[in-house]
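Take a look at this one chain, the form predicted on its own, written out in structure tokens.
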Amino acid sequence: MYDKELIEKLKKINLTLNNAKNNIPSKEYIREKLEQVGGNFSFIKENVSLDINLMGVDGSFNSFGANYPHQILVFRALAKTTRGSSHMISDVVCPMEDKVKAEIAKISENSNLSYSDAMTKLVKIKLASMELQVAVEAIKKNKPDVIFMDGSLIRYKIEDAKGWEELKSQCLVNDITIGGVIEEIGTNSISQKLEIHGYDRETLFNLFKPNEKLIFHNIKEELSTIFYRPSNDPHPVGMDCLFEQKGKIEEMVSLANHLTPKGGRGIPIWLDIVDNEVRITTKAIKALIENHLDEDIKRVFFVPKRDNRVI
């Protein structure tokens, strides 16, 4: 059973969040304001050609060990097309390696972060870089017509600007349309535009009818962004597209909408297939460590004491 203090604190949080929810303006007000600042609500057209080579790109990582730096991290990125090509890359990182230590120290110095926080940032950079690398390599091997990346395109520009420019260039030169599918909207740019206190997640909640979309061409640097509701879930999802490809934005959202199960959470099924294939499970990483790391090395450096709990 939980103690009374914990329950009372949770009740206070509930009250705070309830007040915040009640302060969100009405749907009618938000829709009107969004149109005033350049948003354009409309329904997604059924304009889909499935005679295309669609490529999904996703990455994953998992870690084994105790706290930083006594960890081993395994990374994997996959680009997989609907026409049967598949390209995967993998890597293993240990913060106790000299090369990784130097990378962490550089990030720490440049970003004024603790070494532990710098390691967290390194994970984000590493994951984004590997997804960009695998996408570029896959384009050169088997040119897709359309690419769905997992997550916002702005993330790639922030974490690896050079890699992002390479992928962007490859897409523009080869006439490949690229979109970043955003499952969890974590921005507050819409709310700020409307001068609403809070994040876009709650501002946009239940604002869309099924199959409805809202396009902005200027909300993120160099990108056009679509918010839309492809399923019965009242939380919309987002998609970033290159500003240079804004003429294809209707086709992209039609394709994503068509490939999304209506009873699901709003993600095109092809990205879920890629995610399932690239995911590194805890069971898998433990098996990897068990088979390829000496027992004494594992015990001295990585096995957390919590694994020895007796209760």
Partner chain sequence: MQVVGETTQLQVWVATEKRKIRINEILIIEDKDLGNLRGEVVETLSYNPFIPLNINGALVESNVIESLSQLGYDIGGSEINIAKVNLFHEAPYPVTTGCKVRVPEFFEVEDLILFGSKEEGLVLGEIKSTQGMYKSLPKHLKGIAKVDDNGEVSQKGVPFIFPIKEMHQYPHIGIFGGSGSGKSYGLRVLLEEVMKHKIPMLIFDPHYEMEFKGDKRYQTSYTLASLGSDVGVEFSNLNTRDLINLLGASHTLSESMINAIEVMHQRNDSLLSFTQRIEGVVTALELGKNGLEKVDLDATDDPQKVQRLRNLLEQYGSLPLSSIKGLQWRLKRLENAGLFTQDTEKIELGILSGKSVVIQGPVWLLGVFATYVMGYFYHKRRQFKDKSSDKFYPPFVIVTDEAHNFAPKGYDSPSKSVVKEIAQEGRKYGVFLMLATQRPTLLDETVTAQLNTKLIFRTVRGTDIATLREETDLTERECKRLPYLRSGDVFLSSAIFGRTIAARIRMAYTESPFSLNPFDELREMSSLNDKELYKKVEPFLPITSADFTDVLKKIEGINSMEELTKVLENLSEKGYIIEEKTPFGQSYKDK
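As the structure is a computational prediction, the values presented were derived from the model and not from experiment. Positions refer to the first chain, counted from 1.
Below, we turn to the form predicted together with the partner chain, even though it does not appear here.
The candidate spot formed by 83, 258 and 275 lies fully in contact with the partner chain in the predicted complex, as each residue has a heavy atom within 4.5 Å of it.
52 is the sole member of 52, 37, 284, 66 with a non-hydrogen atom within 4.5 Å of the partner chain in the predicted complex. Among 262, 33, 246, 70, the residue placing a heavy atom within 4.5 Å of the partner chain in the predicted complex is 262. Among residues of the shown chain, residue 27 is not one whose heavy atoms approach the partner chain to within 4.5 Å in the predicted complex. Within this chain, residue 279 lines the site of the partner chain in the predicted complex, having a heavy atom no more than 4.5 Å away.
At a distance threshold of 4.5 angstroms between non-hydrogen atoms, residue 19 is out of contact with the partner chain in the predicted complex. Using a 4.5 Å cutoff between non-hydrogen atoms, residue 291 counts as a contact of the partner chain in the predicted complex. You can rule out all but one of 206-214, 113-121, 75-83, 184-192: in the predicted complex, only 75-83 has residues with a heavy atom within 4.5 Å of the partner chain.
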